[in-house]
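In the block that follows, a single chain appears as structure tokens, in the form predicted alone.
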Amino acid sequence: MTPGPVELVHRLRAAGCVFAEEEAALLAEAADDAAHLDQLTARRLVGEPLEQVLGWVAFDGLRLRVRPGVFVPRQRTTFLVQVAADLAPQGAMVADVCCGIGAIAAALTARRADLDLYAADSDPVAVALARENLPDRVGTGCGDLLDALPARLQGRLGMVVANTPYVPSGQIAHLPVEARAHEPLPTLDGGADGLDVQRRLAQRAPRWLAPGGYVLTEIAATQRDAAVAAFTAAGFQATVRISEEWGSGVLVARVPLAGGA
């Protein structure tokens, strides 16, 4: 029997859903009929992320397509988008690497129509979704970090934005079941201290950036010193901005201009 609205809220709350009323309304809206609502509810009750159940995620004012088995963009990543939109030079070429479903590139497209955007990820399923979420003018590629970009962009990028995996390996088991059971491990696990992928990016990015170009990545506030050290060792000028709203950080690394400016 299909649950009524009140019963659905109770079942969701019992399963640990903090915003049970809102989730119940969204599931009911997404369902084609009573049987479909039963199916969607069952998926949510066993811990599948709500966004994967619904087929979309709300991100920075946009509704982006999501499917089972892909990383779901977190709301805190809007801070990374905000910083990128503030710092990107006018008309710059910007690459969103580890792009997932293309959330950052989509948000930057909406915020900064002047930017020449590219998006890349190593997961072909995520890249296929990014192509659906992004306008045709945004180029996409599948490969490891910047290797997925056209070679002609080397030395020309004004900014690289990357929401790399940054959860330390030892903390993966403590993540909510929504993440550890339903999102690909490579999108979460950042190695022993969470910064393995960022260190690789720090080493590879300079040959892709124009003088004065930026690398922006999301980090946990506790990773501030290690992240700054990794990019400083690769020749960047690096600082960290902490979000008062989310408590997360954005590492801002810049290639020095000629003369050290």
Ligand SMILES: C[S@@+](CC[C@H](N)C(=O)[O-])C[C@H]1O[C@@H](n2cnc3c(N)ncnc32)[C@H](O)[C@@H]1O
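As the structure is a computational prediction, the values presented were derived from the model and not from experiment. Numbers for residues come from their place in the sequence shown, where the first is 1.
Beyond the structure shown, there is the form predicted together with the named molecule, which is absent from this document and is the topic of what follows.
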{"item": "Contact label in the predicted bound form: Tyr118 to the named molecule, heavy atom within 4.5 Å", "value": "no"}
{"item": "Pro165: touches the named molecule in the predicted bound form, heavy atom cutoff 4.5 angstroms", "value": "yes"}
{"item": "Contact flag, Gly100 vs the named molecule in the predicted bound form, heavy atom cut 4.5 Å", "value": "yes"}
{"item": "4.5 Å heavy atom contact, Pro186 to the named molecule in the predicted bound form", "value": "yes"}
{"item": "Full three-residue contact with the named molecule in the predicted bound form, heavy atom 4.5 Å, for Pro49, Glu132 and Arg180", "value": "no"}
{"item": "The named molecule: the contacting residue among Leu153, Leu87, Val138, Leu145 in the predicted bound form [heavy atom, 4.5 Å]", "value": "Leu145"}
{"item": "Location of the named molecule contact in the predicted bound form, chosen stretch of 87-95, 108-116, 172-180, 122-130 [non-hydrogen atom, 4.5 Å]", "value": "122-130"}
{"item": "Neighbours of the named molecule in the predicted bound form among 64-93 [non-hydrogen atom within 4.5 angstroms]", "value": "Phe71, Pro73, Thr77"}
